[in-house]
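Only one chain is given next, in structure tokens, and it is the form predicted alone.
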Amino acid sequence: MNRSTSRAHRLLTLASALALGLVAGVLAVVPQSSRAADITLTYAFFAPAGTFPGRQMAHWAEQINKRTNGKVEVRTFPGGTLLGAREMYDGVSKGVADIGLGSPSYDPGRFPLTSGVSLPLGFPNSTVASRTLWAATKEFQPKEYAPYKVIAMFTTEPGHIQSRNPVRNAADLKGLKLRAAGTGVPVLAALGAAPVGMPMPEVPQAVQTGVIEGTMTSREVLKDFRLAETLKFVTDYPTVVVTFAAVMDRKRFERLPDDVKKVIDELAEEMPVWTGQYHDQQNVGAALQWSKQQHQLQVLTLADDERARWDAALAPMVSNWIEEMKAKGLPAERYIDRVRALRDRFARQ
């Protein structure tokens, strides 16, 4: 090898070493999670991403990707873009989506035992109700979930009457046209109001035009739908919650690797507290603060004797439900007793 050839060879070797070193350096700083995911899951929800269940869905997707080091990627489909509310659980069974977040409260025929949580049981907030729902579901293992793996459960806060004029007693409530949904309709009827069923997005215009005098639902709508501009009063009487359950088809879940299933189980334990606290503090809490500061919202407290009368008016809803479920062979009385005990335990914590 002559001198010029040897020099060219040394330069080529040096360049190759530099290139390899540069590539190694680049690889060293690429985060592990940037690699292509081994598993992609689709996650459907019927309401917009900005709602608190939508925020839960996004949080769950972020966490499973992080905790599996990028092994699992979740593609979210909020706002009914993949499945609507009525078709959510059938859609999961048929494989339209890997995961579906639906509301058992909207489908009591499919989820009869779970519908007991949506009775007027006096839950103080979403966190207590969410923890109660999850604990009761684990304990009773309702057959209604047999086709599914439940990956998350939580509830809204209890619905409150939000009205144009103050509601302090049954006389103020008599014949009052208030929007309600689900078990909120029989609640208002039992209290003497005139419940009106309508989708939540229609409520602001219905209030403005006098079609209704208010609504009974969880209180984040005061800010989200700017209802505090018109509805200046909230009656501090918690009524009923709406339940949510995110599920996978059980066979689909069983095909996942064990390490992924372990992460899903860990997240299922965390979701009632995380979602309940997010809803109570950042969602409802912020809405109430904004409504009071910006629109002088007033929160009205019922007198003790009036509260007792309202409680007595709603009590038959629970006893009637127990008899109905017992006729179906379900442990209804034991379930309600346990739900109440769990409610009280979590409320003390």
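What we label the rigid core is the largest C-alpha set whose atoms superpose within 1.5 Å from one form to the other. Predicted model, so just to flag it, every value in this text is computed and none were measured. Position 1 is the first residue in the sequence shown; the rest follow in order.
Although it is not shown, the form predicted together with ligand DTR is what the next lines describe.
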With the cut-off set at 4.5 Å between non-hydrogen atoms, does residue 217 touch ligand DTR in the predicted complex?
yes
Indicate whether ligand DTR has at least one heavy atom within 4.5 Å of a heavy atom of residue 131 in the predicted complex.
no
Heavy atom of residue 149 within 4.5 Å of ligand DTR in the predicted complex:
no
Any of the heavy atoms of residue 242 lying within 4.5 Å of ligand DTR in the predicted complex?
yes
Among 284-292, 45-53, 314-322, 299-307, which stretch has residues whose heavy atoms lie within 4.5 Å of ligand DTR in the predicted complex?
45-53
Interface check vs ligand DTR in the predicted complex: of 196, 96, 260, 221, the one with a heavy atom inside 4.5 Å is 221
None of 253, 225, 77, 278 but one has a heavy atom within 4.5 Å of ligand DTR in the predicted complex; the exception is 225
If the criterion is a non-hydrogen atom within 4.5 angstroms, does every one of 156, 179 and 200 touch ligand DTR in the predicted complex?
yes
Across 323-349, the residues having a non-hydrogen atom within 4.5 Å of ligand DTR in the predicted complex turn out to be none
Using the core for the fit, does the CA position of residue 243 change by 2 Å or more between this form and the one not shown?
no
Core superposition between this form and the one not shown, C-alpha change of residue 225 at least 2 Å
yes
Given a superposition on the rigid core, I'd like a yes or no on whether residue 74 shifts its C-alpha by 2 Å or more between this form and the one not shown.
no
